[in-house]
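Here's a solo chain for you in structure tokens, the form predicted alone.
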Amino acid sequence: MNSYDVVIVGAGPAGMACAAEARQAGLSTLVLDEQPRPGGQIFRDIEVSDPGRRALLGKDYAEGARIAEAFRASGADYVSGAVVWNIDSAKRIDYSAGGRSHSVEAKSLVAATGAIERPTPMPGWTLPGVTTVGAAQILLKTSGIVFEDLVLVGSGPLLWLAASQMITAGVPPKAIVETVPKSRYRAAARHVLRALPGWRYLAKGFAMMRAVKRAGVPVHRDAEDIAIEGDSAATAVTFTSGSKRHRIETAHVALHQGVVPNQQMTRVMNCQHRFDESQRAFLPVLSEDFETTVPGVFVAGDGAGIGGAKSAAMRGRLVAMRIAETAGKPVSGERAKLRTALARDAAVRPLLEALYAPSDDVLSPADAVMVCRCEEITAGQIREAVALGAPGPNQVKSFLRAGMGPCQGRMCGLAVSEIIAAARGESPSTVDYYRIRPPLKPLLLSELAGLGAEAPREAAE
């Protein structure tokens, strides 16, 4: 079995930057990534995107080309299409690639798996034609596809970014239904002075909003009681805004309530987690060097807490520096400078988290709303299980099978924890989250049977 100084899971900005820094320090490095090419979600297909696509997606997207080039030049071993499905206490990583399963050992493991979109349970969210804003972005980045009648529903910077990119592509959204209540603006105002070091993010946000206004896209603010109509597919979005009930006919709806750390990998490693009230999400407990409570296991990027692509790359470099230092390797003298830049880049986060906190409708959906899509479990059934004595998600899983489908709770986990916590009058930190077990992702028996085969591997260059 091959062994490396560092094994990095994920080739987004954090994973690529971590790999390049680790190789510069002389550490043997392997990067495992599910996608066919490096870039992650934020820089998806950056290596094959043409100048027109890069211009459409903006300067921040184009910045990914520099990070990808440095990664390719680093000489790190790289396996694309690699689905990590188990990690044991000795940091042995089992993954599937090329139709067979393989194993590798790591002296240090870096989870750079980024973020996932928050579950958004509401009436009609499981209908065909309804997707997430992130999924709509994937279509744009990989295929240039934009739905002409797309209605964006929810809140968060990604909502406005997607809208501005659609406008640049010549296919503006049909409408934006924003769930931010007026009270949130007052809450966010308290953080304005602290956010000034991140003024470029604020300027970018205002520019995106101005672009939406210039394009004449209707924006319905302070929306609540949102429902997606349709029998076999989405046909309309209904909601209350300005004390009036509105209905927008559409066959395509994209939902978004922010992104949250992808915690599946750190959970399967039994790393300690805490519930962060400002992000309304579970975060791994980390040292100042982003090491988890399991020695030798680190988290780089948005998996450590949402910070964005620039912060992710800086965190990746800092993790690699810490691993190199522990191994007695030379460490770049930029560490102090990176920490200062990281703090400056994160200055805007408290304002954004106060303004774009998830809506009450999503955190506490009506009883009839389906929450666990895989097993078709409603919010009402979860509350009934709590009334019968289930104290947390794992007991609800035993009662109802919620979280036992192919997604392993990625699509419902946070929502289930929030519903249970509200029903018990407790914090999500008390009820906690699903206990995650391998396999982390579905795999074929034929892939499992081939465990131990020689792994496909290429140098990053």
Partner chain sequence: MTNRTADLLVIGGGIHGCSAALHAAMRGLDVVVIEKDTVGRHASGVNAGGVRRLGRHYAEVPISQRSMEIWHRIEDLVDDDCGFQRAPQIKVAESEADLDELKARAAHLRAMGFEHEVVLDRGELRAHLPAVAEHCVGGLASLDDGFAQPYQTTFAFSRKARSLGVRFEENCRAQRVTRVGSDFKVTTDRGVFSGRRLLNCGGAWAGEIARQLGEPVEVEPTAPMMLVTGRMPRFCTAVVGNQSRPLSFKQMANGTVVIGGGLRGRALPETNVSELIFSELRRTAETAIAIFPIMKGASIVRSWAGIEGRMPDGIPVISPSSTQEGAYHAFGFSSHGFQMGPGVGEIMAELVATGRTNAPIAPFAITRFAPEADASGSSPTQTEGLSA
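Residue numbers count along the first chain shown, from 1. As the structure is a prediction and not an experimental result, all values here were calculated from the model.
Not on display, but discussed next: the form predicted together with its partner chain.
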Task: Partner proximity in the model of the complex: R37 to its partner chain, non-hydrogen atom cutoff 4.5 Å - done: no
TODO: Indicate whether its partner chain has at least one heavy atom within 4.5 Å of a heavy atom of C374 in the model of the complex.
DONE: yes
Open item on the list: Can you work out whether R54 and its partner chain are in contact in the model of the complex, taking contact to mean some heavy atom pair no more than 4.5 Å apart?
Closed with: no
TODO: Decide whether P295 counts as a contact residue for its partner chain in the model of the complex under a heavy atom distance cut-off of 4.5 Å.
DONE: no
Task: Site check R401, R437 and L445: each within 4.5 Å of its partner chain in the model of the complex by heavy atom - done: yes
- [ ] Go through 387 to 395, 159 to 167, 299 to 307, 235 to 243 and give me the stretch that gets within 4.5 Å of its partner chain in the model of the complex, heavy atoms only.
- [x] 387 to 395
Task: Heavy atom within 4.5 Å of its partner chain in the model of the complex - residue from N270, S278, S364, S80 - done: N270
Open item on the list: Under a 4.5 angstroms heavy atom criterion, identify the one residue in S287, S183, S89, T340 near its partner chain in the model of the complex.
Closed with: S89
Task: Stretch 407 to 427 - residues with a heavy atom within 4.5 Å of its partner chain in the model of the complex - done: Q408
